[in-house]
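Next up: just one chain, as structure tokens, the form predicted on its own.
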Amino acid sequence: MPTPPAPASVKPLSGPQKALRKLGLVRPIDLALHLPLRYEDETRLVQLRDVREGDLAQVEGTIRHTEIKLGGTRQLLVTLDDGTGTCLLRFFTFYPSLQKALAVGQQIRARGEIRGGFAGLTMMHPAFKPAGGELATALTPVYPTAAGLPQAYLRKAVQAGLARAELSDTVPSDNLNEIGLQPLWSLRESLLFLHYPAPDVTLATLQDHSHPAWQRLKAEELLAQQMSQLQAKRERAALVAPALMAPDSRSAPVDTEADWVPAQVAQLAPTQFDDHAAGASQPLHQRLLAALPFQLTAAQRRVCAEISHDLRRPVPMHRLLQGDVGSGKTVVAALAAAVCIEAGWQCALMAPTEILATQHFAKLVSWLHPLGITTAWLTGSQKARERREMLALITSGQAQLVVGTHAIIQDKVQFSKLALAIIDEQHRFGVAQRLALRGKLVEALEPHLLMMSATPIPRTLAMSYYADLDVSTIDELPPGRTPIVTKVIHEARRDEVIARIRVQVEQGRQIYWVCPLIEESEALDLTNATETHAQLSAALPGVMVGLLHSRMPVAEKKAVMSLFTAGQMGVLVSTTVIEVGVDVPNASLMVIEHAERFGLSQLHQLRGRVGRGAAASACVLLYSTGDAPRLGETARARLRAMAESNDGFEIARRDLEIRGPGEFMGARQSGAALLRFADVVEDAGLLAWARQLAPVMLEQHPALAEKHVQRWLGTKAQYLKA
């Protein structure tokens, strides 16, 4: 038998080619859509007598003098004379070839930023080439780049991408006229203009993205995103999920708010449910409502009705449950699980950290165990024997509810009848993890998916980033929550804060002290958690001061949290591992050290750990300016927002204003931000246009719609499927 020919060897990628891939510049269209950060003007020459400090100038002249300055930093100093003045060109990195090109008598064209100083006009490391030659006819683009990718290489790559990319219009001109974009500005013309703008264009319109060429790109990008999300939603609607109806057909639907008020069985004690015939005949969700030591708020009843309506349909639910810190999302999750279990299926709840998973497990067991519900527990730190027991319960179906961390999605975990997956703090899980949990269902069915978030999403942002989801919002806090007073205090008053802690502990209250780092860092001069723990232990004799951070062994973490939860520990010094999930009603004071280093959403999450009981509660934001005379504007805006509002939705709105939508959302799952050019707040009009046009494009122009989505999103569209 003849030997098959060896496959042709694949030529390895060069350094710049690897850098291009790292930036996601793979297809010609990717390069065409890689727009400049800024521009340099090489279309004209200026005379040195006319320049001012701070100008980006291009000059031509003769080199009159060169010298190598020795000392602390070796420098090459070159004096350039254009006949109207002189300028010193300063190079800190240079080679013999550079010295030769800059020899006395050479005539060169130099471009760079003009600086002043004792030496007169100066350029630091200017770009230069021999004098003469034609001037550029358009502004020179400066692109976002990466290590190992020179601007010259990137410019050529983008130029080649523009030449090869298929740029025919995919949006009918009539629809573009609706937003005032004349057909004159085609996609090709817009891209060519933005890569190579004419020298007479107003730079302000390029920088603030108000030019019609920018508007065309932003409109197309928003349309691609809206179509992709609508497409993902429709694809899910074509899938089949278990219709979670109770086996007893006499059970009434539970999709109105009235169905989530305890029935007359609420008069029975929870311990009576196992044996009491009347109690056992009630739907499981009603028995759970009766067992709860509190009544649901109107907002909780509303979202329970929305979720139960979805669960009864044979179409996969894909719903985001959002609510402020302490709004009661966990009990809504428990009631959703009850609907699932009542129908004879299994439910899984996955949390990002073991501390949060433990909190959920404790609450759910206390509510569901008296009703005869078996709950399994899965984390990465479990002993092998306990893990085997839990896996057996899950596989056999005996475990009706499974609570845990990412350990739930490991290959060895096999569910018998998983129908509902609940993911808490969904933004902490990547797309692969969420898809893995969805893949645990058998019988070729899709599970219902309920994602929970304590970071409220402003409406305009939800319209864009979560257009493919149904969103339920708990916009009401349970009664009895104590308002939290927030104080912004300089580090210099640290002793006063410690004195306040001493008073609180003497009154029987407990305190959190949150630090941003565990260990010393050369880059950040921050007091670490270990040092703070030692300081507070010394300042508070007789008070148990605990320490909690992410690098501690799991058993040690549990022991510390148990002491604090039980009230035996007065002060808990912690890193942000307590950001979510910790519920200690007796904790009435939180101190956040170096609060200026935290994000606004994270500060609000941390603050939500206090104010959970009847005692007056406070949050102290301890800040430091370091060597600077005052805080930066962004840090000041964050701390001001925290002091002025306790409302998570208002905090989210302010956070969006401060950071912008890209940073506010980060990556929707775990990839690059889905929007590069558009701003969902500033471009609200374009977003509304895209939302209206998306279904029209999918129904009336399906081929153009598919081409449009692929052009703009490529593989990023998969991030919308989980």
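No experiment lies behind these values; they were computed from the predicted model shown. The first residue of the sequence shown is number 1, and the count goes up from there.
From this point on, the text means the form predicted in complex with a small molecule, which you will not see here.
- Proximity to the small molecule in the predicted complex, taken as heavy atoms within 4.5 Å, picks out 293-301 from the listed stretches 229-237, 402-410, 206-214, 293-301.
- Among the residues 397, 326, 85, 567, the one placing a heavy atom within 4.5 Å of the small molecule in the predicted complex is 326.
- Checking 531, 583, 169, 389 for any heavy atom within 4.5 Å of the small molecule in the predicted complex turns up a single hit: 583.
- The closest non-hydrogen atom of residue 373 lies beyond 4.5 Å of the small molecule in the predicted complex.
- Among residues of the shown chain, residue 537 is not one whose heavy atoms approach the small molecule to within 4.5 Å in the predicted complex.
- In the predicted complex, the small molecule stays beyond 4.5 Å of every heavy atom belonging to residue 502.
- The closest heavy atom approach of residue 612 to the small molecule in the predicted complex falls within 4.5 Å.
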